[in-house]
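Here's a solo chain for you in structure tokens, the form predicted alone.
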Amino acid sequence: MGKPDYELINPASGTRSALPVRSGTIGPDCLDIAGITRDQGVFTFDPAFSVTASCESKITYIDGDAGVLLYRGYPVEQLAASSSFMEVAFLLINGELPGAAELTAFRTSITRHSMINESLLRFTNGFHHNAHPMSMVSAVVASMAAFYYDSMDIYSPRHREIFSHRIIAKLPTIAAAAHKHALGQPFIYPRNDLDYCSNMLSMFFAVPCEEYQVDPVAAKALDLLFILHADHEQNASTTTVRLAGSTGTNPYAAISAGVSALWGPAHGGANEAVLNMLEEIGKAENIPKYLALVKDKGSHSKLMGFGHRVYKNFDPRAKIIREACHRLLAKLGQQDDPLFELALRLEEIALKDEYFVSRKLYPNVDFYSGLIYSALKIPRSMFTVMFAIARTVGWVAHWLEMIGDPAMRIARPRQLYTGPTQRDYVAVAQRR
């Protein structure tokens, strides 16, 4: 038996509207307000869509109060401990964990799609040497539509599969090309004998004049970060991909829009901002002074890497990444890294401060991810690009789900208009 509808009563007219209750498998119920404008002549007002379910999805579930993150029902902690990024990618895209043969076929397909057209390399070389890598990645991804136009029928299951494998495979190659361009070094081609993360490290750090050996510790750490960043429900960049994709645009354009949205310092750029903050603090004895600035409403200082729009408890990814940071720095002989020690001390002091605890400002995934990228020698300007490589899997999964939904419609939010009412045009000579 379904749950009874809520009822909205207009106090002025007495008009009644039924608000059907829609229940998911887990999580809060949703009120279906689709008929409220027809019945009552009003819109709902929800700035930043904080309490609006913009779609129905089967991909990722978050319980912000309990600190739970599930990919297709699997706790992220279990996947981080036992899975691989390629396996998680298959899971998010296809809905189930792969069998051994399926996983091998998926990995092989991704590997064989990792090359990019030579014209794309020449396009990359056309950017200024100090252009931000995210601007380069966004532009190159959008331009892929000009190279793969023969397989962009969004209603063809085969074309959707080809696109999915291509974009996941080529993002590390595109990122590496941007990195090498900034350094003025020759581009390093992908290698089919390496796994996904090892191949990315090779393209980033190898040079033609000597043999490069991938550090398996570094590759494993990168694989873990990619798992943790693979998807996060209807965040700003994922919603951007869905919004752009709802127009029927080609999928490369939709992913490029997601890359651009991720670039913002309040989203994918937060891990870079954390390191900037730690360097600004400088020493442990400066932490109380910095936290006092954060509490000062007249100050523009922020405690970067703490708090989350959804999580009102510990970010489950932050717990995993904190432990990984300890292990990685120890294995790389960097356990005395001053920024890491400063981060630990900042976390300790902030979590004992009633101001931050009462506001449920706990460390999030960005607080430690930048430290790991830094330990892997990835330049700070590339941090958000790393995030984009991982999150592309989630974007693809959501785009596929949306395109396959028979109820899909072009997204069209409404507004609360507060501008001038209708007025008549006055000729320029008659204006005061």
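Numbering starts at 1 and follows the sequence shown. Between two forms, the rigid core is the largest collection of C-alphas that superpose within 1.5 Å. Small disclaimer: the values here were computed from a predicted structure and weren't measured.
Below, we turn to the form predicted in complex with a small molecule, even though it does not appear here.
In short, of 77 to 85, 123 to 131, 302 to 310, 247 to 255 it is 302 to 310 that has heavy atoms within 4.5 Å of the small molecule in the predicted complex. Think of it this way: in the predicted complex, the small molecule has a heavy atom of just one of N364, T392, T384, S369 within 4.5 Å, and the residue is N364. Of the residues given (S143, S198, S260, N235), N235 alone sits with a heavy atom within 4.5 Å of the small molecule in the predicted complex. When contacts are judged by a 4.5 Å heavy atom cut-off, K170 does not count as touching the small molecule in the predicted complex. Though the partner is left out of this view, F340 does not reach within 4.5 Å of the small molecule in the predicted complex, counting heavy atoms only. Contact annotation for Y148: none of its heavy atoms lies within 4.5 Å of the small molecule in the predicted complex. Remark: Y212 does not count among the residues lining the small molecule in the predicted complex, judged by a heavy atom distance of 4.5 Å or less. Taking the rigid core as fixed, one finds a CA shift for A292 of 2 Å or more between this form and the one not shown.
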